[in-house]
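Listed next as structure tokens is one chain, alone, in the form predicted alone.
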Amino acid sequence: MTTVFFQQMLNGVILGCIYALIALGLSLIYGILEMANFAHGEFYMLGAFMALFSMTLLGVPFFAAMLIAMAGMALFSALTERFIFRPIVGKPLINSMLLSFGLSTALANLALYFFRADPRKITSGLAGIRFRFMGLFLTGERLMILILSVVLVLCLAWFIQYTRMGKAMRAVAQDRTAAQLAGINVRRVYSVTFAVSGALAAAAGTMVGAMFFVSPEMGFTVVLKSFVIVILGGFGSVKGVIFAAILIGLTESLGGGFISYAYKDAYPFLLLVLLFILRPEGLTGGNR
């Protein structure tokens, strides 16, 4: 029983790492543009398909396909921001919610039409590598997800903390008007924010496609869970989002392992209700 518990804990941490990549993109968009992007799940889905087609049509290896997907979705996300979301910057939150719901539905249906509903798997070449330590089991794919997720989160933290654009993003998040008066190109910050969030979503989609499957429906549930994570972690709180993502991953894995996998998608929302009652300000009180 102890081994099973720690195995589920390990699986939950890996799952939480993937959720963290998706939720951090959502948190950045909300923190800087004050928008709720429900189409983010479709960015994640399209990134997975982009990696899949890069491997099957171009014949590139897995990691090159992931980089292609990240670059492609960064460009796609920046263009989406420029031509679809930018006109409603500064408008009430409900505008972005309705617009992104519509975009999400359109992208999901287009993917269903062009890619078909059959689930497909990305072959990473790491599935056959297996590790065992202290009774725990880990495949090469899951170890790769754990390492890549940590590397990407550290890269994001470095980018936000130390680069000129990262400092501009933080300035816009704190006070958009003051940032404009200080000479910051706010529109460029918006584009870069969407590009970064799209690249992170593509990386997460590629890794999930290697561990599970790629399908046009894969984005809907994930984006709802990611919103749960952002709400729990506190809007704009990077540390809070990472902590909440790991917590959701653990909840889903432990609930699935010890109660039932049939309800695994319900556990994060039950946790949200419980924590809303106990800590309505979020796990970290909304601190950045």
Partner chain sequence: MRKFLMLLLAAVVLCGLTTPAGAELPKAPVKIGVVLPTSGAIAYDGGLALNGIRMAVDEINGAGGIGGNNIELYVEDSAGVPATAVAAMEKLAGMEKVVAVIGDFGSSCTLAMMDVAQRARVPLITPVSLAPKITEMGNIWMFRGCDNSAMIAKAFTKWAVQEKKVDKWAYIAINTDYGRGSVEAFNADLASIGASVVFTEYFNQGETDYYPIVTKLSASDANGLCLFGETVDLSRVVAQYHEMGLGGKMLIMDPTSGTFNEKFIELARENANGIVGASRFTAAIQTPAAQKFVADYRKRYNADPEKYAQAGYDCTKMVALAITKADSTDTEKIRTALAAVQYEGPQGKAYFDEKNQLIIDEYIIAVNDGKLEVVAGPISAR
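For clarity, a rigid core is taken as the largest C-alpha set superposing within 1.5 Å between two forms. Computed from a predicted model, the values in this text were never measured in an experiment. Residue numbers count along the first chain shown, from 1.
Below, we refer to the form predicted in complex with its partner chain, which is not included among the displayed structures.
Though its partner chain is absent from this view, in the model of the complex it lies within 4.5 Å of a heavy atom of just one residue from Phe213, Phe76, Phe159, Phe115, which is Phe213. For the residues Lys91, Arg164, Arg187, Arg130, the 4.5 Å heavy atom test against its partner chain in the model of the complex is passed only by Arg130. With a 4.5 Å cutoff on heavy atoms, Gln180 does not count as touching its partner chain in the model of the complex; it lies far away. With a 4.5 Å cutoff on heavy atoms, Thr56 does not count as touching its partner chain in the model of the complex; it lies far away. By the criterion of a heavy atom within 4.5 Å, Ser237 is excluded from the residues contacting its partner chain in the model of the complex. When its partner chain is considered in the model of the complex, Pro119 lines it closely, a heavy atom lying within 4.5 Å. Using a 4.5 Å cut-off to its partner chain in the model of the complex, each of Arg142, Ser260 and Asp265 places a heavy atom inside that distance. Of the candidate stretches 28 to 36, 249 to 257, 63 to 71, 48 to 56, only 249 to 257 has residues whose heavy atoms lie within 4.5 Å of its partner chain in the model of the complex. No residues of 56 to 75 lie near its partner chain in the model of the complex, the criterion being any heavy atom within 4.5 Å. After superposition on the rigid core, the Cα of Thr56 moves by less than 2 Å between this form and the one not shown.
With the core held fixed between this form and the one not shown, Ser260 has its Cα displaced by at least 2 Å.
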